[in-house]
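Just one chain is shown here, as structure tokens, and it is the form predicted on its own.
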């Protein structure tokens, strides 16, 4: 049967993708950030996941303000890199896993969570930057990917609690799939940042470090934090962190932290990264 072996969380800053694509990873500004992922690249080669269930948010690439699903699961065979206004990133297309994705959709919907099933969409930096951080620049991605888009752009976003419980439902769905698959669940976005208004450029290191600790050791308690606390403490875009709770909900209560990394700044935000393995 399929099994969830590990969870990965990471920021998905678009400038990171630009640094990779333009050969700037060893520049003095970027080198400390990419050094924080060296362990991760070695680890993922050893683990060799068959499928990554990747939780991210769309940035008006596949969806617009005319249609914004709260949760959307990609069930197609392939997903191209989106053109976000400066050309598509030079990365391979994402190969989906339609059978597992359809199984998850059926199971989770029957478990009383509403999902939007999407068979065709382009994926933007929210998905491709995490893939590049861990897999580098291969000719083809070494595993299948199920894109799972969460609305954290248009009010109201889902609560952290709902995301955490959804992660548990996704875990139950994966566990009930017949094929023998090594599945990882990734949560992306965050950490503290705000892109506009009087608080543009906000970074709250105390909040970020506390979040990194509590999502490992006290995720149930953390999941109950209300939206307003994210906005006040982590900025308007800090709400992206609820997507990490989907990843954490899909893991065991007790996990082994294999890697933790935190770096400030990267563009106008803080970067956080965790690798958690099921005990």
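Predicted, not measured: the structure shown is a model, and the values here were computed from it. Numbering follows the first chain given and starts at 1.
Although it is not shown, the form predicted in complex with ligand DHB is what the next lines describe.
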Please pick out the stretch from 188-196, 88-96, 105-113, 156-164 that is in contact with ligand DHB in the predicted complex, where contact means heavy atoms within 4.5 Å.
188-196
Please determine whether residue 266 contacts ligand DHB in the predicted complex, using a 4.5 Å cut-off between heavy atoms.
yes
Can you tell me whether residue 13 touches ligand DHB? I mean in the predicted complex, with a 4.5 angstroms heavy atom cut-off.
yes
Using the partner position in the predicted complex, report whether residue 144 sits within 4.5 Å of ligand DHB, counting heavy atoms only.
no
My question is simply whether residue 171 lines the interface with ligand DHB in the predicted complex - judged by any non-hydrogen atom within 4.5 Å.
no
Sequence-ordered residues of 55-82 touching ligand DHB in the predicted complex, heavy atom within 4.5 Å
59
